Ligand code: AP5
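A single chain, nothing else alongside it, follows as structure tokens in the form predicted on its own.
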């Protein structure tokens, strides 16, 4: 199966992509991981990406597509994969489709982890971390033993700047403008599945995804 996981920030798509990939023996393709790997290995595309990353600029779509195509041509995607974090815009989705078609591959399914705005804000604004050991906590599900203090070293827990409620709302606005239209793109391609990704714990969400993928394999 060749899958794309979609969803707003805080939907859990990265966590679930890792879980599902591990259970089904698929390659988890996170664009962030791809970039870091290419830079670490000093590939030609990695060197080009590094030049953008070092000055804080967005890496161009063509480079990210190139990194995915490298994996494709090397045969690493032949056993199936889950793409997480890309595409984010309609042009990226169209370019990705063309690239796969050129290489005689296709996306079997795009799966949306459907989460309400209120739930996204609740999840992200409830995330805290320890500035010393970087341990993460999430209210109300993953609480420290002592309110506001890290279990490991007793340091005062902090909230990342991009998890402040005002910033979260802005991130949601950006998602709705730039990324949410991809849902309609894949719906028109008739390869979209939607999974309710709230009102249950991570294990139940994983089970819902596995059941949907199992159903798709029978189609």
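What you see is a predicted model; the values in this text were computed from it and never measured. We call the rigid core the largest set of C-alpha positions that still match within 1.5 Å between the two forms. Numbering follows the first chain given and starts at 1.
One more form of this protein, predicted together with the named molecule, exists but is not displayed; see below.
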query: Partner-proximal stretch of 148 to 156, 185 to 193, 26 to 34, 40 to 48 relative to the named molecule in the model of the complex, 4.5 angstroms, heavy atom; finding: 26 to 34
query: Proximity to the named molecule in the model of the complex, single hit among 142, 108, 76, 103 (heavy atom within 4.5 Å); finding: 142
query: Touches the named molecule in the model of the complex: residue 200 (any heavy atom, 4.5 Å); finding: yes
query: The named molecule contact at residue 15 in the model of the complex, heavy atom, 4.5 Å; finding: yes
query: Close approach of residue 119 to the named molecule in the model of the complex, 4.5 Å, heavy atom; finding: yes
query: is_contact(residue 173, the named molecule) in the model of the complex, heavy atom dist at most 4.5 Å; finding: no
query: Sequence-ordered list of residues in 99 to 128 near the named molecule in the model of the complex, where near means a heavy atom within 4.5 Å; finding: 119, 122, 123, 124, 127
query: Flag for residue 45, CA shift 2 Å or larger between this form and the one not shown after aligning core; finding: yes
query: Yes/no, residue 128 Cα shift of 2 Å or more between this form and the one not shown with rigid core fixed; finding: yes
query: Per-residue C-alpha change between this form and the one not shown, residue 137, threshold 2 Å, rigid core fit; finding: yes
query: Comparison of CA distance in the model of the complex with shown form for residue 14, residue 128, at least 3 Å; finding: closer
query: Inter-Cα distance between residue 106 and residue 45 in the model of the complex, nearer or further [3 Å or more]; finding: farther
